[in-house]
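Quick heads-up: it's one chain on its own, the form predicted on its own, in structure tokens.
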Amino acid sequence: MRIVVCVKEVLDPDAVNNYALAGRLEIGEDGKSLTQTTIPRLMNGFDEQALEAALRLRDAGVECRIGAVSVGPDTATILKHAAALGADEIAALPMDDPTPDYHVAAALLAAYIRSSGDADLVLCGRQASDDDQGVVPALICEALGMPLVTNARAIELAPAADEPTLRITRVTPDGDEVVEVSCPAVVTVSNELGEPRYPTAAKKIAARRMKPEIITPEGLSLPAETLRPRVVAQRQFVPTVAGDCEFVPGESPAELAEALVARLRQDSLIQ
């Protein structure tokens, strides 16, 4: 089984939030990009969990080769992190545009998967922490003609199936849902999968010597219109964070509970 995990480099969301809460997050003169250069860049957390899902399949005894691929101007760091975690192959799809829209990103990823021998399973994070759109996986499955299963918290190979079949536990508002899908398929992974593993020092050192395969858009023979963004950012701004906290008086838990219920009734939130 060949598994391809799509990963994205993003700004550290915790650092961005800290800057925002401190009132120090600033937009540049272009009105679209941040001026801070000290915010670290790392692999999107949901994508890291998608890679963890692939590694867990291998740990469970599934014979597979795991590849990680990323679109962007400089993705070597996160790809080497993927190699340190256990990816067997890494590939970079460089672009001059640091923020291609989801149509362009999906077209590049789908073309790479197709040109590199296809995949039995394509894993993606459920969304990216920078734009929170979660559109790329659906566009990949449309381009490759594969079914899509979203918000997986567990993935395993279904036993006694005539063809490679995955049993997936999905997270839904009404609780868990278990579905089965025949390979090839695209699956998005949610944070309910659990904490991803950490690479060992030895694997980090070995990953430094691993160079990603560089594949240019020209090498994928994609038409020019496919690489033309359909969605273009016009403006980005930092919303004003207004704190409105009210402390409920009371000396004991019972008094606090009574005062809270009275306050909620006063605001007609409960009856």
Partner chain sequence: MDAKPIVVCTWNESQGGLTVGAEEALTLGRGVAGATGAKLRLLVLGPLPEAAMETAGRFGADAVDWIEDAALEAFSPDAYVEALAGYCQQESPALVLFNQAADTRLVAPRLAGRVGAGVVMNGVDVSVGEGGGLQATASAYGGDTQMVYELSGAPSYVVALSANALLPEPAEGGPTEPECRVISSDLSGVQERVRVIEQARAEGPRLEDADIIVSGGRGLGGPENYKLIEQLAEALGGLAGASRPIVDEGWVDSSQQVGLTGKITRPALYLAAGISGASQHMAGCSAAKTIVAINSDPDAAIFRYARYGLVGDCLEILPELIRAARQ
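Rigid core: the largest C-alpha set superposing within 1.5 Å between the two forms. Keep in mind that what you see is a predicted model, and the values were worked out from it rather than measured. Numbering follows the first chain given and starts at 1.
One more form of this protein, predicted together with its partner chain, exists but is not displayed; see below.
> Its partner chain isn't shown here, but in the predicted complex which of Thr77, Thr200, Ser182, Ser115 has a heavy atom within 4.5 Å of it?
Checking each option against its partner chain in the predicted complex, the one that comes within 4.5 Å is Ser182.
> Give a yes or no on whether each residue among Leu11, Ala20 and Asp174 has a heavy atom within 4.5 Å of its partner chain in the predicted complex.
All of them do, each having a heavy atom within 4.5 Å of the partner.
> Tell me which of 89-97, 68-76, 164-172, 107-115 has residues with heavy atoms within 4.5 angstroms of its partner chain in the predicted complex?
Among the listed stretches, the partner-contacting one is 164-172.
> Consider Arg208 of the chain shown here, and say whether it contacts its partner chain in the predicted complex, taking contact as heavy atoms within 4.5 Å.
Residue-level check for Arg208: no, no contact with its partner chain.
> Going by a heavy atom distance of 4.5 Å, is Met146 a contact of its partner chain in the predicted complex?
Contact with its partner chain, yes.
> Can any non-hydrogen atom of Glu246 be found within 4.5 angstroms of its partner chain in the predicted complex?
Yes, Glu246 sits close enough to its partner chain in the predicted complex that at least one of its heavy atoms falls within 4.5 Å.
> Against its partner chain in the predicted complex, would Val232 count as a contact residue? Criterion: heavy atoms within 4.5 Å.
Result yes; Val232 sits at the interface with its partner chain in the predicted complex.
> Scan 129-160 and note down the residues that get a heavy atom within 4.5 Å of its partner chain in the predicted complex; none is a fine answer too.
The stretch touches the partner through Ser129, Asp130, Asp131, Asp132, Gln133, Gly134, Val135, Ala138, Leu139, Cys141, Glu142, Gly145, Met146, Pro147, Leu148, Val149, Thr150, Arg153.
> Does the C-alpha of Ala259 move 2 Å or more between the shown form and the other one once the rigid core is lined up?
Yes, Ala259 moves 2 Å or more.
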